[in-house]
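Below you will find one chain, with nothing else, as structure tokens; this is the form predicted on its own, and questions on how it binds or moves follow later.
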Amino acid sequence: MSMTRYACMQALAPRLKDELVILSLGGSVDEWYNAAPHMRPASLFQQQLGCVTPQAFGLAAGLPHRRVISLDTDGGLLFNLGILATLGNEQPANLFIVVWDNECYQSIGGPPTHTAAGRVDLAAIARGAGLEQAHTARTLDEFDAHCAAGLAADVPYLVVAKVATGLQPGIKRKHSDGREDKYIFVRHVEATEGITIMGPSEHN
């Protein structure tokens, strides 16, 4: 696999303007931080394995007029395949899911995931769960075409991007922690939606 995750992010980022993005743990955090600087306040970084797409679905359900993007991983999706059945039943029209499939748990040293054996097809599993628009991209042109289609779709859309292992060299590390990221993201949603999510603290 010669397609890199960072190149895919560079293709996706210019297409985004007012979407909300949920990211997984691992190297994709720093890569997205660099590839999409204009999306930093709109991105919730470092969510746990199995939680990325469920959290994105929750946002999509709560803000049905807003496009929400899940940047998940093969390991993360395999951790909670049940979310695909939920999406198949609920059909959130504003949810676009990207699964970075490098066939390994890179952040813990690279042991293989189930997709490495060549038998497990995450897009096929998603279609079986009721997501008719579930695809696999192996080239950057394919990925870019699916981004265009997914961001314009009126049904949940999933693309599994088969990417190489390894991290993009020479990029800046994200310097905020998870707590700060949460507040930045929540305040961005409040400002862009004109709502209050986390009000002032109460004093007794």
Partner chain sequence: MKQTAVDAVLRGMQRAGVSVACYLPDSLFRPLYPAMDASTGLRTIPVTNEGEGAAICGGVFLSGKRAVLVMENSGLRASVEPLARMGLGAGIPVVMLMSYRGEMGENNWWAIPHGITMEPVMQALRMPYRIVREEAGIEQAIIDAYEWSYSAYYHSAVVLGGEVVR
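Positions refer to the first chain, counted from 1. For clarity, every value in this text was computed on a predicted model and none was experimentally measured.
A second form of this protein, the form predicted together with its partner chain, is not displayed here; the remarks below concern that form.
This chain appears without its partner; in the predicted complex, the one residue of Thr115, Gln133, Asn80, Gln106 with a heavy atom within 4.5 Å of its partner chain is Asn80. Gln48 is the sole member of Ser176, Thr165, Gln48, Thr139 with a non-hydrogen atom lying within 4.5 angstroms of its partner chain in the predicted complex. By the criterion of a heavy atom within 4.5 Å, Ala191 is excluded from the residues contacting its partner chain in the predicted complex. Its partner chain is not drawn, but in the predicted complex it has no heavy atom within 4.5 Å of Asn34. The closest non-hydrogen atom of Asp121 lies beyond 4.5 Å of its partner chain in the predicted complex. In the predicted complex, its partner chain sits beyond 4.5 Å of every heavy atom of Met9.
Contact with its partner chain in the predicted complex, defined as any heavy atom within 4.5 Å, is confined among 26-34, 142-150, 50-58, 157-165 to 50-58.
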